[in-house]
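Have a look below at one chain only, the form predicted on its own, in structure tokens format.
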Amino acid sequence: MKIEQIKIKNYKAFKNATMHDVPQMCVIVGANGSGKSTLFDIFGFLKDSMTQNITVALAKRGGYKEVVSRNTKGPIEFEIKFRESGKSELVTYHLAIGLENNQPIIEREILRYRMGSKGLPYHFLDFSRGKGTAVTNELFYQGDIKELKREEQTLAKTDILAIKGLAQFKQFPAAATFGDLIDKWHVSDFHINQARTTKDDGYAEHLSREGDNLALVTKFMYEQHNDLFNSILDKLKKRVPGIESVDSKLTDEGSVLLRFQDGSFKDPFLARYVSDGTIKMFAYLVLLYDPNKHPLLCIEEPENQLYPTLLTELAEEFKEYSNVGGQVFISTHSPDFLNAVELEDVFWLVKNAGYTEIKRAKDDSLIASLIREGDKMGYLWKQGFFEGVNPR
């Protein structure tokens, strides 16, 4: 999946903002409160809406009136343009959410495709307030828009996404495909203390949002994907002095413990006694070497708890993942991390009259010129060349 453009209206600090020409690895900088976490939360909101409904997604964030931009009545709108693969058709997903009788309602939901750079867009799905039309002969579609057949459909509730409701039926593969992509998005909110905890014996293939199942995923990787697990260990040994191995142990009580072996000692250390940086680097490697890549991966401030010299290598790992796996969004405050990324990768957020605007580094003539002359991105950011980024 490759997101090419994001439009946001009336979502918290984003009253009306657009991110154009989004790269495969997108790095976001900005002062505290500029909207970096909110931008990432949009992906989390859409995933919550897909897996549950918009009422639950809004409730997790304080309700509609807390989410809609200040001094506006809405609707909250998102529009995402993306391609499933590099050469596939451009797909647009549009969602507008309003409030009626103090209840959130989906005012409009559209999924449309466009064939070729000059092709006309055609709707596979167009819904409003729980009712709409969807293409029913998509499986047999041969490319002629006139051949498309649409039928009216009604959802059980007005706060359920149509892509969720229709994804359950085989005749709507477009909805199922996009719904599956959203379901596989990963927005990381990694907590060191959560990753240190023991887990009851269970099963997990993918690292959770907060990392609390790290021991279970370690067990899965070791048993089912030993070659990838050894690659993780090789990377970890090079970056954390003394680490020889990592494993998980099932206790007599049925809990799974994560253990790190230091080559200088006979017995391994339990995760709760290992440094924050070691735990976090291991968790990121587990996430990046997942055998089933996430189509979208969001990481906030990866530099926390990590030694600065490791950030260049971590940036390279994220870049490699974006090239062979899925798209990566990263927020950072670290000049060392920024020094390791390309001009085309970087956006920055600024507040103007209380609302967030999105700018791109390569569109700033001064920054682009200085980079061409050999300056590093992180140094320019630290010296204040990103207008409006530094707190005043």
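Keep in mind it's a predicted model, so treat the numbers as computed, not measured. Residue numbers run from 1 along the displayed sequence.
Another form exists, predicted together with a small molecule; not displayed. Remarks below refer to it.
*Asks:* Tell me, out of 37, 334, 53, 327, which residue has a non-hydrogen atom within 4.5 angstroms of the small molecule in the model of the complex.
*Replies:* Selected residue: 37.
*Asks:* Note which of 68, 42, 358, 340 lies within 4.5 Å of the small molecule in the model of the complex, where distance is taken over heavy atoms; exactly one does.
*Replies:* By the 4.5 Å criterion, the partner-contacting residue is 68.
*Asks:* So if I measure heavy atom distances to the small molecule in the model of the complex, which of the stretches 68-76, 277-285, 228-236, 312-320 falls within 4.5 Å?
*Replies:* That would be 68-76.
*Asks:* Would residue 13 count as touching the small molecule in the model of the complex under a 4.5 Å heavy atom rule?
*Replies:* Residue 13: yes, in contact with the small molecule in the model of the complex.
*Asks:* Report yes if any heavy atom of residue 350 sits within 4.5 Å of a heavy atom of the small molecule in the model of the complex; otherwise report no.
*Replies:* No, residue 350 stays farther than 4.5 Å from the small molecule in the model of the complex.
*Asks:* Can you check whether residue 46 is within 4.5 Å of the small molecule in the model of the complex, heavy atom basis?
*Replies:* No, residue 46 stays farther than 4.5 Å from the small molecule in the model of the complex.
*Asks:* Wondering, does residue 365 line up within 4.5 Å of the small molecule in the model of the complex on heavy atoms?
*Replies:* Taking the distances in the model of the complex, the answer for residue 365 is no, it never comes within 4.5 Å of the small molecule.
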